[in-house]
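Listed next as structure tokens: two forms of one protein chain, kept apart as structure 1 and structure 2.
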Structure 1
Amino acid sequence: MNASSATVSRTLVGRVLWYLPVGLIVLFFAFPLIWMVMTALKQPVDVFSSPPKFVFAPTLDNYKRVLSSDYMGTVGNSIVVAVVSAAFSIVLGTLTAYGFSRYTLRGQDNLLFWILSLRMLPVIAVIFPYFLLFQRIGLTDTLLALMLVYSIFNISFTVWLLKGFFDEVPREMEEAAKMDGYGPWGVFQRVALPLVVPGIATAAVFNIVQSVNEFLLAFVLTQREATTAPVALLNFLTPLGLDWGGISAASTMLVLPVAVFAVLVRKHLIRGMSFGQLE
């Protein structure tokens, strides 16, 4: 074997040793989604087959049943609540994070920790007070109630994430903008904000995912009109057992919009998750 062949072999082995673990990790995390889609395309007899069938005749009956039910309305509720609460959280969280990054406040560290503690607070600890509050002001079973509650939890995460991004923006760039005649709002809008777009995209994805997946608050604060998709999945629990085909098809329809959004902002998302280090 000549030198060039040996080099090619070593390169090939190196690539295999690199991509094989990566492929196994991706398969491990993607397997639940793959299994969910497969179950949604199976007939009931294939769903309960033992050993599990990986080769079967696919069917769209489960999707047809879901589309003909009231479930799609709850998916719409979930999307509306997630998008509005995420947008509200990002607007307030971005402004708050910039303020913490550029201005020194008395007790700033304690205030930041208090904001973070809102995100760590167990939902079960506040769900009863929230229920009484919204019942008193007439907001139970409304999308507005869920938007407000989800925003409270999402703002804390947004502030902590974006503060780190704003801290990385060179102050010299802002000083130069001030010398060019820009005021505080102009400096923020034209200099700082464009540089933290990856962080904003990351916060948007995480906020939307959190809101779409949330179950307990939606289960307690809604009854009929504002029911979200995670709560509506309980309808697939029948006296005969759990409708695995139907719940898999419904879950696929719930995951799909979030997955599409994540793909659309994937470049910003990757940079955001690496705190802007990847260009």
Structure 2
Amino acid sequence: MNASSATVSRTLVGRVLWYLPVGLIVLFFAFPLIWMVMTALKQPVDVFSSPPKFVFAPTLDNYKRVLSSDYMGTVGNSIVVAVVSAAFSIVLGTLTAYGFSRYTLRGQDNLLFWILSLRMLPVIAVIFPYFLLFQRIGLTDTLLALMLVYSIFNISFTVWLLKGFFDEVPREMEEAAKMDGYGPWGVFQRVALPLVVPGIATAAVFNIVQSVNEFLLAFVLTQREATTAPVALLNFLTPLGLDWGGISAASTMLVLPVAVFAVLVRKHLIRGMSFGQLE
């Protein structure tokens, strides 16, 4: 009796002791996000109070102001750019990933590495030519310009992620479909494609998040009409300086969907973040 209660308390103490460092780590990474939500719910007076307030009367004024401002239009731009670029990239990327997984090609390894290297390509390396080219053909300040450029990075990502998913599709199933008289397209579409739907969903989420988050290209290639949400955040000004309440409220609107997405793709987070290199 005594002994068993001692073990219980020991494991209990042990558990609490393990939660302590875990809690500290979580607090370090979560605190800025908690502070962002708190700031979004503060009155202007409380936002700039010194020392900062942890207890305050919450208000939705910041959200009301943001919802009725131009910012929502830029959120719309961000969503349109991200979704269209993701859809386009997934069509091209899925086909090519299947190709790399099933067919041999001369110089295939070099081709695959070239596609991977595009993910490492610094935005700054292509920004000057795009700035000049888009100006010349009248694409400056259009959503199409952003979709076109973001798709480079998205296709590169999609190919690498989905190649891994296609590699896992059992070859026997495709052989069986061939015997049933399906052509190459039929085998791809009816057998392989349905089995990589989780991979496609993961690719879609990462492509969308990546595009919504991008700043430098959007900052340089848009002026007014095609401004995206991160760029618009720079315009939250008051006569007294930056409108941190508004910026916080607007930022939470970008953070919340990302949090939801993270939960949705949690199983494949590691594959997505490591570019399909780890599981």
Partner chain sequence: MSTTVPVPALETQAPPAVSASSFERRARWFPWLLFGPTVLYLLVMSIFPLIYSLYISLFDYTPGINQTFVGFDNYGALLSDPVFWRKAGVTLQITVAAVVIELGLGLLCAMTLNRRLPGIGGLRLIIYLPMMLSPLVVGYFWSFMLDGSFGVINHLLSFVGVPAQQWTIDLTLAKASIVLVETWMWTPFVILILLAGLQSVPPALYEAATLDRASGWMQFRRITLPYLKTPILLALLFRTIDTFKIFDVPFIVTKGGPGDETETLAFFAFREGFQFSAIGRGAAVAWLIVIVINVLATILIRMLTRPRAQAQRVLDEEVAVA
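Keep in mind it's a predicted model, so treat the numbers as computed, not measured. For the two forms, the rigid core is made up of the largest set of C-alpha atoms that agree within 1.5 Å on superposition. Counting starts at 1 with the first residue of structure 1 and goes up one by one along its sequence.
Between the two isolated copies of the chain, the second is the form predicted together with the partner chain. Once both forms are overlaid on the rigid core, the distance between the two CA positions of A30 between structure 1 and structure 2 is 2 angstroms or more. Taking the rigid core as reference, the CA displacement of P51 between structure 1 and structure 2 comes to 4.6 Å.
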